[in-house]
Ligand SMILES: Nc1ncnc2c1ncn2[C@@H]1O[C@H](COP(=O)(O)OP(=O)(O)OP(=O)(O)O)[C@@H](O)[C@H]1O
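Shown here is one chain on its own, the form predicted on its own, set out as structure tokens.
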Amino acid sequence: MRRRRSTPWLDALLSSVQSITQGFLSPLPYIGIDLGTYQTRIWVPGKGITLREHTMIVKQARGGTHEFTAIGNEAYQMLGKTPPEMQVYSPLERGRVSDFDGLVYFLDRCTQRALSTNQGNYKQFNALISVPIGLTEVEEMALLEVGKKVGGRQVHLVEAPVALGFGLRMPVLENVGSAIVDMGGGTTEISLLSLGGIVLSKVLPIGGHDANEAIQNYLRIRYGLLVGEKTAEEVKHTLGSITTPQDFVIEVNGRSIENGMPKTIKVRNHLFYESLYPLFGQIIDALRDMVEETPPELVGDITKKGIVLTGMGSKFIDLDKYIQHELGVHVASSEEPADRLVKGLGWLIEHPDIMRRIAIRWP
């Protein structure tokens, strides 16, 4: 039998065809993407959460053009330290796309990092992305397009409170009400879930970033001290308890408004709450409104089961106890509050029948 003579170009062609064929025939991994204004997390089957990065990018002006040079935690470390031609910012604003190209660059790098830990480096995948409540159809389509541009063959969207309910192991599909307060970096979403959907919801344009800003404004107005967002974030996480009397000193370094020179002040911890009470008041007022609007059949569920407080913004002080004291309804903080949403996406991916029922965008 005559054997085919091997030629390098023919072998290369056959190898490429085989690689492409295997790529189409082999199943693509399904990943869950919690795309937050402040932080992004990605869940990969068999691996769990493989990526946690700040949702930030660095854009640099060069020769009349702009290019992105860093993302995530690396970009966050540059916050407040860059020269004028470099800008550090989030490509999302209150959960909505504010810089399409920047978000594509950011998410492309993130998915590459997340999937490189899972049996090679996939260039394509299927994705389930969480989205905040109240997006318009155009805003939803923008997120779908971002997902496809970074390699998503099939990209589906699910409302964040619903995915969060599964991540908190709540009876989302049952005929009972489950109340959740998700305090994120850019928004606070208050939701009442029942029978696999959202019965009531309220979105407040406040979050952890606004708490940082309130502390910055307080130091500037009262003490004439300018501090960056990272310093305000560090102060926020050292405040202690808001309900149990505590009295200790927090040392803050910044720049004096008066003369522009370095300045260090010492402030009693409880004084910072003056700047945060207005934010907490908005959350409490919104919760009162939600309870008043809740159908009578579900009010008993809130009374019996209480409210769950979660999200990145809930991690500082004992905010759950403060809200419980003001409302007279039991409020509990979730464990690992920052990871519950992406874990909910992972649970849905592992239960595809339920995912198809829950997803708001299933192209």
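Here the structure is a predicted model, which is why all the values come from computation and not from measurement. Numbers for residues come from their place in the sequence shown, where the first is 1.
Unshown form predicted together with the named molecule; subsequent notes refer to it.
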Non-hydrogen atoms within 4.5 angstroms of the named molecule in the predicted complex: do R41, E233 and G240 all have one? yes
Distance check, H209 to the named molecule in the predicted complex, heavy atom within 4.5 Å
yes
G167: heavy atom within 4.5 Å of the named molecule in the predicted complex?
no
Should K315 be classed as touching the named molecule in the predicted complex when contacts are defined as heavy atoms within 4.5 Å? yes
So, G177 and the named molecule: in the predicted complex, are they within 4.5 Å at any heavy atom pair? no
For the named molecule in the predicted complex, the stretch among 177 to 185, 67 to 75, 138 to 146, 278 to 286 with residues bearing a heavy atom within 4.5 Å is 177 to 185
As a check of understanding, the residue in Q324, T50, S334, T37 with any heavy atom within 4.5 Å of the named molecule in the predicted complex should be identified as T37
Taking the shown form as reference, the Cα pair T243 and M290 shifts by 3 Å or more in the predicted complex and sits farther
One pair moves by 3 angstroms or more in the predicted complex: the C-alpha atoms of S241 and A338, which are closer
